[in-house]
Structures are given as structure tokens and as C-alpha cells.
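Starting off, we have a lone chain in the form predicted on its own, written out as C-alpha cells.
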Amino acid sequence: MARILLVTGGARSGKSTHAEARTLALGRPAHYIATAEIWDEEMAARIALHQARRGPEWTTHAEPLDLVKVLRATDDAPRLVDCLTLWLTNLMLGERDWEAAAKALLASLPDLAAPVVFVSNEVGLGIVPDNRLARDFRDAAGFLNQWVAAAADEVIFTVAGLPMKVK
């Protein structure tokens, strides 16, 4: 089974930068599996920022929905999946069964050979959202993070750019 690492934290906590460094430490070249979709100009700018930070040691794969497929196709080098919460967003907004997709992802991990680093936002530390979709998303993200953390060999929580080992 591949080594699995989960890096979680709040927005702008340094989780992606930390995850990128950890992934490259596992071997080069590496695969960057991007789950974000461009919905507007602001999202395009965020994606461009991430792309500008990465160097030539990365091969980028844009995959907003089928993580199992892309993980199997890239099982020749370390992978960074950035990020699970955007993947979850894509599934939920597309009215797909996110729980079935998450269970399929978790079931695929034992068959992988190369390491996988997952990035995910911790969204459950704030107030209870005022609408049903936001509450459903917060709950789903919490369950997804718990399930991936249980399967992971290591879990890092980032705060203010500082990584803290949780598991």
C-alpha cells in the first residue's frame, strides 16, 4: 500500500505549500492532481497563483470528479491531490453521491503503490452556517476528513504556516 499523508488546515494556513514540499521530498518528478474548477475570475487567479508556485518537477492533472481514475493512472510517482474539499464541492454541486465517491476513493488506496498526499480544508472550527447547503457541506467535509485521516499514515494540521503533526 502507498504511503498516505493528509495535510489539513484553514484557508491560507500554508497547507498547500507544506504538502507540495512533502510530496517532492517523496520523489521527483511528481504528479499534481488539481480538483479545482474555474468558476469565475477570482478562482482563475487562485489557480494561477498555485500554478506559478510549482516548478518543472510537477506534471499537472486537472480532475474535478474521478480521483480514483487519476490516482490509478499516475501510480508511477508521488501524487499531491489538492484538494479534497474542492473535490467534495464538485461532487455535491453536481448532485453526485459524495459518500459513494469517498468510499470508492478509500477502497482504492490499498491498491496504490506510489505515495499520495491529500490536502483538505478544515471547515468545522467556525460557527454553524445559516443555510442547509453550507451545513451539509461542513458536515460532509468533516466526515471525509475523518475517513481519510483514519486511512492515512500521517496527518498534519497547519496553522499560520506552521505544520503540526496530529498522527
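Note that residue numbering begins at 1 and tracks the sequence as displayed. Please read all numbers here as calculations on a predicted model, not as lab measurements.
The same protein has a further form, the form predicted together with another copy of the chain, not shown here; the description that follows concerns it.
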Quiz item: Ok, L67, V123, A102, A34: which has a heavy atom sitting within 4.5 Å of another copy of the chain in the predicted bound form?
Solution: V123
Exercise. Only one of A44, A62, A52, A134 comes within 4.5 Å of another copy of the chain in the predicted bound form by heavy atoms, so just point that one out.
Key: A134
Quiz prompt | Contact stretch among 22 to 30, 137 to 145, 54 to 62, 110 to 118 - heavy atom within 4.5 Å of another copy of the chain in the predicted bound form | solution = 137 to 145
Quiz item: Which of the residues spanning 106 to 121 lie within 4.5 Å of another copy of the chain in the predicted bound form, based on heavy atoms?
Solution: none
